[in-house]
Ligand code: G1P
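Shown here is one chain on its own, the form predicted alone, set out as structure tokens.
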């Protein structure tokens, strides 16, 4: 199965960033000068994916507008001779093909993925959680696609975390089969105690179409939400699943501190910002 499609769940309320996200989608918060979701879309494109499916919800039209053509803005930039900005705007709207579907109620990540079934058909597909920004030489999803080509089954991105933080994640129990690759034996969603390992599931997945039948069997969990980790446990009953420890730095931009860290890190990588920004940080005398 060749990977062509990517799903971006983007229907959450972003309550951790209130009041900023009262009127602005969390996915549109800027990381330096690009919205969070654009980093994920660019990673998908760089990984060879062609069709982007964005799951939106109430108040998320800004996401659609961002990836749409803006004729008035393009004409204005052209008239003012700001061709560098014009090229940047045109690149955003011309990235790839986009499709949108609406999650009418916030019923969890598993539910968000389930409503894309009619757009996925009988194909394997990638899932990107825009909160997780991964800075890597080779795009994280491209790394995972290489593992998928070898095993042909669902692949989960994982990262080692401290045992004290394991309760914040889905955690796998696995058997190492090669450097950075584990065959998944079990999964636990946010274990309160005694996590099965220190390998936490991070916001990148490659899923086979079998996940949709698994989601049908998955009962709502805490808060009435359908958890993807619970569905993966059902999928594990019929298919093998592998986990891959990707190479790169991951920032949890869904958390205020992680969002700030990402902004500092990415700003320091920018040729037009790093000199003055470094000087500013040094002058703070931290």
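Residue numbers count along the first chain shown, from 1. These figures come from a predicted structure and were not determined experimentally.
One more form of this protein exists, namely the form predicted in complex with the ligand; it is left out here, but the text below deals with it.
- Residue in contact with the ligand in the predicted complex (any heavy atom within 4.5 Å), chosen from 190, 142, 78, 173: 190.
- Of the residues 233, 250, 66, 60, just one reaches the ligand in the predicted complex with a heavy atom at 4.5 Å or closer; this is 250.
- Only one of 98-106, 176-184, 114-122, 200-208 lies within 4.5 Å of the ligand in the predicted complex by heavy atoms, and it is 200-208.
- Heavy atoms of residue 169 reach within 4.5 Å of the ligand in the predicted complex, making it an interface residue.
- For residue 147, no non-hydrogen atom is located within 4.5 Å of the ligand in the predicted complex, even though that partner is not displayed.
- Within this chain, residue 229 lines the site of the ligand in the predicted complex, having a heavy atom no more than 4.5 Å away.
- Contact between residue 134 and the ligand in the predicted complex is not found at the 4.5 Å heavy atom cutoff.
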